[in-house]
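Only one chain is given next, in structure tokens, and it is the form predicted on its own.
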């Protein structure tokens, strides 16, 4: 008997219209867990490295985490993976809500989609009943609208729907997959649209077997109380109305202008009134005591939900206030676009107009006011009309297509993907490495276990480490106690910190645990629910795998290095690993490249960022080394150099 996972995947070929229920391998579950780890193994095994992201052979994989459907609270993040046309690399994406656990209860660990439907379809899953159905009547509908229509059509309000909007249908590179006002972005919505899959509707009522249910229930009850009572768990932005940090320190427009003294008491009071005067309720995800999603009913707009920094991106890009985000965010969500990348793309276009690189003739019919311009360009982008057809490819590719100096305005992308608009003074060495070498396309999916900045006094630092239960090794306490300046940290400490940050995210993304109770929140005080010290017992009780901290750490490194190898096989090299040139005001090229070389050596990678055979074999990835050597990407018997 399989525990925690179901032992079965759904294989869907949209070209042939075929549906197969296929047994998956228990050993793969033990080595890669679920979620992104298991999906990475599938992409490595089944998608050749020269496959175009718009090829029918590109897989689109919806993966449950191995803890989905168990009593473990806050295990609800669904992973969606494929190869992205924007980056040509593996696309990393997550969304919360109820979809993944519902899929597990329907009896499946993954949905593996290939091919392209001849016209728009949706996938209906009701336990053992699985059908590909016509979706032409859903064409042009918004993401939430699609879910509402399908629930009514299927006569089941408990069905869980993940859908694309008009952006996905038109293959906009920033297209998202939306479920319950949670979005999977970073390259997956465009591929779902390319496959002409409008939505997936899932209903499941089956049990999930557990290896040691009494033990796991006891742990889960304690964890539920821990999460409910801890201020260190959940999205603090859902309840904390002081957002001075983002508005004073992040950049506005196309990530160019910092407004250091923007925030004020009067502004906070005004924005708080706007929020609570128009908020229907706050809700949470499957089996989680936190309520991180604010549901807003703004006059003249369809009701929508948001959490975290998503509430800020549109008004900061437009140099406006929160009321503008409340006007446009629900519209953008129905279109199905990434709320981090899309505002930057719109601001980028308006910068080019101001600079004379684009002209008024490129924007026929565009209003004169900023609000009108954002709505106008959003509509043009999702419909791929006029200049919107170029902007729909994202800032980096649009800059290349426009030319005439537009490239210098592409200053906030890494590996062709828009980053969070963070522009700082002095370089933080750990963040330099995470932004340069990270393959999840967003720093929020890499950072989180170790604080971003040192605390000012030894006493404050000591108080922090005294309650720091999440550290996997006491050396991290020592690093923090001795850290006094952001830009001054020993290389060994920097490398260790980056590896810990990454490891926790890779574990969360394979177990399905939300980063707001785990990998992301540790940096803000350490009072989190899940970490390397307690996850082994939880995983053992759920799965029956004998999991230790060392084994879990090795699992995280195995997944991370497999993702690295997947992208290396598609052309990723050192030359691509550069944070935006203006990300920090003070830069030192010699120091940065030296740090990068030392990190590569620390990771067991060669100086072009390719994992060596020695490293791969130590993680049971000898088959990966064989393939890289066969393709002459890796030299035979190459060893890591210090």
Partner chain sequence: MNASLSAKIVKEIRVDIDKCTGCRACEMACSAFHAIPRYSSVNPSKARIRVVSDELNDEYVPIRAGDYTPSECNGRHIYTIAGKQYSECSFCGASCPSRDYFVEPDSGLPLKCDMCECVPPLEEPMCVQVCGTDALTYVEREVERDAKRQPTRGEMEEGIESLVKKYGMQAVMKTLAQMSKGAKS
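Numbering follows the first chain given and starts at 1. It should be emphasised that the depicted structure is a prediction, and the values quoted were computed from it without experimental measurement.
We do not show the form predicted together with the partner chain, though everything after this point is about it.
The stretch in contact with the partner chain in the predicted bound form, judged by heavy atoms within 4.5 Å, is 146-154, chosen from 494-502, 128-136, 192-200, 146-154. Residue 208 is the only one of 322, 208, 427, 366 with a heavy atom lying within 4.5 Å of the partner chain in the predicted bound form.
With the partner removed from view, the residue among 186, 521, 110, 181 that has a non-hydrogen atom within 4.5 Å of the partner chain in the predicted bound form turns out to be 181. For the marked spot (98, 225 and 291), a heavy atom within 4.5 Å of the partner chain in the predicted bound form is present in each of the three residues. Contact annotation for residue 317: none of its heavy atoms lies within 4.5 Å of the partner chain in the predicted bound form.
In the predicted bound form, the partner chain sits within 4.5 Å of a heavy atom of residue 158. Mapping the unseen interface onto this chain, residue 525 falls outside it, with no heavy atom inside 4.5 Å of the partner chain in the predicted bound form.
Taking non-hydrogen atoms only, residue 536 never approaches the partner chain to within 4.5 angstroms in the predicted bound form. For the stretch 65-79, the set of residues having any non-hydrogen atom within 4.5 angstroms of the partner chain in the predicted bound form comprises 69, 70, 71, in sequence order.
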